[in-house]
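Below sits a lone chain in structure tokens, taken as the form predicted alone.
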Amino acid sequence: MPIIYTPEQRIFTIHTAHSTYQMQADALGHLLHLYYGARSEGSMDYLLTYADRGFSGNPNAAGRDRTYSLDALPQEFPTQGTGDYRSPALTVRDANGVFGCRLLYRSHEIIPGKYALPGLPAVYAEAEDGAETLRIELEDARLGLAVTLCYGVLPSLDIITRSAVVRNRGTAAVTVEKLQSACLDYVCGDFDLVSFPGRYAMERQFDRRPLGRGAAVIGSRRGYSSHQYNPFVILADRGTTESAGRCWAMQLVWSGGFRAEAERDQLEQTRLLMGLGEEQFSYPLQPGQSLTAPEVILSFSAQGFERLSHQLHRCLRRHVCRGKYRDARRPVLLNSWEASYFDFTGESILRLAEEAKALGVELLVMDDGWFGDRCDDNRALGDWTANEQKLGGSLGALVEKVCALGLKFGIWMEPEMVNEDSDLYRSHPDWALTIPGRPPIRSRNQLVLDFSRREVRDEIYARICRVLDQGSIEYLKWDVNRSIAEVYSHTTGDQGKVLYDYMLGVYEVLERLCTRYPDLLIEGCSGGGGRFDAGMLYYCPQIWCSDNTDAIDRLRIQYGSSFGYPASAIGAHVSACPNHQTGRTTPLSTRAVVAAAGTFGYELDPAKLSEAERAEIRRQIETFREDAELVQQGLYYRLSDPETAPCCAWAFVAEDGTRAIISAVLQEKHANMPAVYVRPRGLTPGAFYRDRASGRVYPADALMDTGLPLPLTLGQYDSVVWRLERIEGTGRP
């Protein structure tokens, strides 16, 4: 059993294949965190130490015992107002404006299968998968406040999930001012904090820094998870590498504003928290009401970052992504955006489809510009009716013509947004999030619709359905192209709940679409990677990784993304050169190698290519089809850091070690340059592998020890790929 309760000591132990998580409801009723690390048996309460710490308060129930202080003890769900001066997971204000909450253990239950969170995305798993749920009930008797801590365990994947449900069982209102989903307290250790900051068009850059005294806080105040920070962090021992050392991950299954904190305190203890953002959050709960924290995925590795990534990748692929395309190969697509931007007609889209079909593309996506009076990005958002004059007929007729060529059809929409120059805004100006009495703050000349309101959600859902019902539309790109700056909903007096309810509203519409159109492939997008998170993957099995399609910049973007997200989730395309974002020119072969580490597609006009380039693209698509299963389901290995190494290299290796794809891009070229070697990992020790192209046989041990030399003839930005197949009958047992 993965969850064990020892009643004599009131200790809860959670075992996964390679880790153990332990906590204790102590004699005073406080739920203390004991351990999270390599799998271990027995009780870890010996790790607790007690001493009289000056200026660290003692709870009244401790009597004259000055050695007992929550300011110095590791906790599962610390609250404000208990004498613990570190950052809390929960802050509550009562009806009189008084802050403070003291939660004590009341009960627990262990049930088979993984819990679900109504209205929220979450990891799913059944009892047949070995999953179990632990619910621990805590209570503040003064407030009449109950908090249920939820723990989900997927033991074979080394995954533990956490959430919290706050319920007002009292007779007066309370207001939740801060709610974090998970807390990890470490009694000792010297750690680095790994996070993934960035900016528009350069998202999720790997950032590792020593955690010193004080707090390191990252998060998003933008209403979405954002380009600037990602809701995923790693705490690692100072010496941790890709293949050695301890590291812990927190990944939030949430697409709105968030907060992650790592705090090293006066006693050299470290607290790691993750949950909802605090800015513009103040959620009132009337008697009988509840509030659910979004889920955090926890995972631990004693064997470095790559093992941690493998565990998270498996979890997201198999237990977060859903639907037809969870396991199926994604269609190779051609998107019209960089081919024509807004300047297209129905005839030019049809010509693009014909060119795409001739290349072997499977899906044509018509991007922005097909609806209303949409000739640029200043108007018509919200008017989701096809511009039949521009398309030369109905949307349904165009879809039928494209499908008749043997292609699937996809379409772009931005359902959460509205332009002031639109029929929707003119009819319902109060549907936008704007502050009364002052001109709105625009971004990309658009406003945000108030998805916290049911009438808004219902109308937008109906408009999306009217579009999708016009023909066999099998792909929807759901975009969001601005952050939320002003928070005011015209139908509530409690503006502190709007951003949370907004995100639940987005999830509701997406869930309704997934239910009504089970075969529809939805690709998430927010100016590329501005909402790239585990919450969106519950509805969209792939997310446009970045609006930056430059292959060399993408090396760094996809490198950072790979720490927490599988290749199957990373929307990646081959685009035209010179690149539209950077002006850089890279070989077509390299652009394909980089895009093949994701969902793979094209963002260009084939009519502008030479016949040699068209022939190369046909070969690229055929090769990707052959490699797709390994890319989507295999283990991903980062073989070099693109920020520091002259060569960026990575590999996909089958779980059983039978196949491997090793890719490398030379970023720097110098005169009389030393040879550069790529050292793969994950091959079967003692085995031999044959390179599919050359037929050459390599010993796995030597490959993993010293590596493969890059051809000295490679130029800057050139690439090389080795496709290795294990020779059967070799390998140590």
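Values in this document were obtained by computation on a predicted structure and should not be read as measured data. All residue numbers refer to positions in the sequence shown, first residue = 1.
Keep in mind the form predicted together with a small molecule is missing from the figure; the text below concerns it.
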item	value
In the model of the complex, residue 382 touching the small molecule (heavy atom, 4.5 Å)	no
Residue 444: touches the small molecule in the model of the complex, heavy atom cutoff 4.5 angstroms	yes
4.5 Å heavy atom contact, residue 367 to the small molecule in the model of the complex	yes
Any non-hydrogen atom of residue 155 within 4.5 angstroms of the small molecule in the model of the complex	no
Triplet 412, 481 and 528 all within 4.5 Å of the small molecule in the model of the complex via a heavy atom	yes
Candidate stretches 485-493, 131-139, 659-667, 539-547 - the one whose heavy atoms come within 4.5 Å of the small molecule in the model of the complex	539-547
Heavy atom within 4.5 Å of the small molecule in the model of the complex - the one residue of 259, 477, 162, 114 that qualifies	477
Position in contact with the small molecule when the complex is considered in the model of the complex, options 77, 186, 337, 206, heavy atoms within 4.5 Å	337
